[in-house]
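Given next, in structure tokens, is a single chain: the form predicted alone.
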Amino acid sequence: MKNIYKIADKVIEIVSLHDKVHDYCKEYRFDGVPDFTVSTVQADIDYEREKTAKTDIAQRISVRHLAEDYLEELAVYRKIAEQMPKYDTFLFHGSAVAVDGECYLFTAKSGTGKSTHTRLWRALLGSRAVMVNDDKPLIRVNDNGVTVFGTPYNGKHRLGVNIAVPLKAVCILERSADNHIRQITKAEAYTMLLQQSYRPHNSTALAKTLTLIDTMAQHITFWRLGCNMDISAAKLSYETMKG
């Protein structure tokens, strides 16, 4: 089965073995000439099963019994992420929320509470706060600045919309009994940025991704937030980072 979608301003033809991939992406359907095509075979699905078995997810589920169509969704997004650096765009693991037309991107190790913190932002700010993507947004870096895109691949709760928003700040989240935040340098943030960015297998695409990360740092601010799960943490982080 195949269909065409527009994701992060790129028109992509997806050719899949299972229909669920297309149901997952239905809000991004588009009529146009593809910029590129991604297609999957059984070996791609098998690779995702092996890859997942090496992650923290394997501690919570039986990887052997993961549905093939779910694994194909992962394979499709991996193939998209491999192509995106050609278009000044890379995949980043984080929870992105927009307020008053500016995006704030929270990142951390899995299980730290990124989604919980952005939920607190929505509780604090109401309709002013819009979830862009709660898991794997795409980030474009060019002469116009840094833009975060919603994608179909937005976490298990499907929190996200098909929008593009300028990125204002990236915040590294850490658990803490008390709430505190400080601005940090690119050098302080760099290790986490590398860990949370998708690193393509292709050497040229990888080099481009590293360049995009470096360029992104010239346009935005970086923060480190120690927080608990109280709404006061959202108030502190928002009021500090908005400037």
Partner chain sequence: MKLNKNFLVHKSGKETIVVPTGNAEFSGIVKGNKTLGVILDLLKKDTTEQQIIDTMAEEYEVSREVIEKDVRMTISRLKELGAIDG
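This structure is a prediction, so every number in the text was calculated from the model and none was measured. Residue numbers count along the first chain shown, from 1.
From this point on, the text means the form predicted together with the partner chain, which you will not see here.
- For Asp214, a non-hydrogen atom is located within 4.5 Å of the partner chain in the predicted complex, even though that partner is not displayed.
- The partner chain is not shown here, but in the predicted complex it comes within 4.5 Å of a heavy atom of Lys54.
- The closest heavy atom approach of Tyr47 to the partner chain in the predicted complex falls within 4.5 Å.
- The partner chain is not shown here, and in the predicted complex it never comes within 4.5 Å of any heavy atom of Gln218.
- Scanning Ala207, Ala67, Ala43, Ala177 against the partner chain in the predicted complex with a 4.5 Å heavy atom cut-off leaves one residue, Ala207.
- With the partner left out here, the partner chain still marks one of 22-30, 177-185, 35-43, 196-204 in the predicted complex; by a 4.5 Å heavy atom cut-off that stretch is 196-204.
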